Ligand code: MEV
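Presented as structure tokens, the chain that follows is alone, the form predicted alone.
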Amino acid sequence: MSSSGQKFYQLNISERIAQLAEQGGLTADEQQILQGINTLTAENADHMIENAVGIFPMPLGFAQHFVVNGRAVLVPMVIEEPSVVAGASFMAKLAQAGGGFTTHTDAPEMIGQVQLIGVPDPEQARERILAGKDTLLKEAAQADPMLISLGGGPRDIEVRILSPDEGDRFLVVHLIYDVRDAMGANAVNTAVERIAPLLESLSGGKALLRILSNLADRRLARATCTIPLEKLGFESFSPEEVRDGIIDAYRFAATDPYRAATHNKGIMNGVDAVVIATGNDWRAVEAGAHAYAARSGRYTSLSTWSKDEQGNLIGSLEMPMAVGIVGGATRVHPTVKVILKLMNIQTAAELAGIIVSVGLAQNLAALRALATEGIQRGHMSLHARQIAVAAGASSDLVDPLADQMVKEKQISLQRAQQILLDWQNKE
């Protein structure tokens, strides 16, 4: 809420930035960066990827009302899809009435894999590798002395024997590596490259693939929330009807992979938006999430929804969350630096907890809409604004034009253009 009593979404962009600046202690330069001024340049981009020709801006918004582990947090979201920021914010407000989100994260341990092929005796090789664990861990620790000084580094060695349908059996060695506050890909990849020659010597085989796994199931993040029953009802829908509809919708996703894919996509609408905003690898997080959803051999829901003895709605979300607050784009992208400052987080684990909380909130928003008024009502009202802009409406006509199309239930570029023409003819 602003000093004028207006809600965040009721402010204009300059007023929103001014409020964020007051909350986060932003400098004038940092405020300009949020507005897209003096941020990532084509020259910067040329140093980040190959064949760069420019930059591609995306909308940046901040979700409201999030309380995570008892602390109010600012939640940045980079996304082009309408209704996501609003949906997550409203669900966070409902969760706030039940104490907000509670999170727990595992140690930041990633898995590096070394594939050993042509091994003469896989069983004996496995025993030799495990017997040489201490030597392997010492060698892996030499890959990143700085990470060791921060308390990270190699933790364990695991060995699996895989039997493909075609071809000979081979070994896969897992190096368990604590990456602290980094996403960890570079550190892990460097470490497995370093131990590969030792593994060849111990196994008698050849080290083929040496790379991080994005199924970061040793680095899980969990969020839970309680939505008081009385907060669930709206319009003609009773609280019990909304609650039970959400639970039944979840049961559909838990049972059917076709529904689970869209259900989990809704979760990732929230997750990816924050991952992108904080300069992390959203593709890695997506890959880990969907692989984790299929870990039982059947693809299913990442979240769960139920009710407690008092009839309140209980939600939880567990998924791999390999994100960092150091390294990568966090070092070179000016907007990411400002965003992390505004979030006021100290560890990657804290960021992971916020991200899964947003995923759970967005999941609730989608389930609530689907189980009651349908997904299109709220979504299309926001989509209508995009159509209005595409039709060429001036800034003062965007909202009236969108409202008119929603009222008519005709949301299309052709109808928007016709309404604008009619308005012009009446002038």
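The numbering used is simple: start at 1 and walk along the sequence shown. Predicted model, so just to flag it, every value in this text is computed and none were measured.
Missing here is the form predicted in complex with the named molecule; even so, the following discussion is about that form.
Within 4.5 Å of any heavy atom of the named molecule in the model of the complex lies no heavy atom of T105. In the model of the complex, the named molecule sits beyond 4.5 Å of every heavy atom of D121. The named molecule is not shown here, but in the model of the complex it comes within 4.5 Å of a heavy atom of N269. When the named molecule is considered in the model of the complex, R259 lines it closely, a heavy atom lying within 4.5 Å. In plain terms, the part of the chain that comes close to the named molecule in the model of the complex, with a heavy atom within 4.5 Å, is 363 to 371 out of 53 to 61, 35 to 43, 22 to 30, 363 to 371. This chain lacks the partner; the member of K341, K206, R71, K265 within 4.5 angstroms of the named molecule in the model of the complex by a non-hydrogen atom is K265. Contact with the named molecule in the model of the complex, judged by any heavy atom within 4.5 Å, is made by just one of D217, E318, E286, E81: E81.
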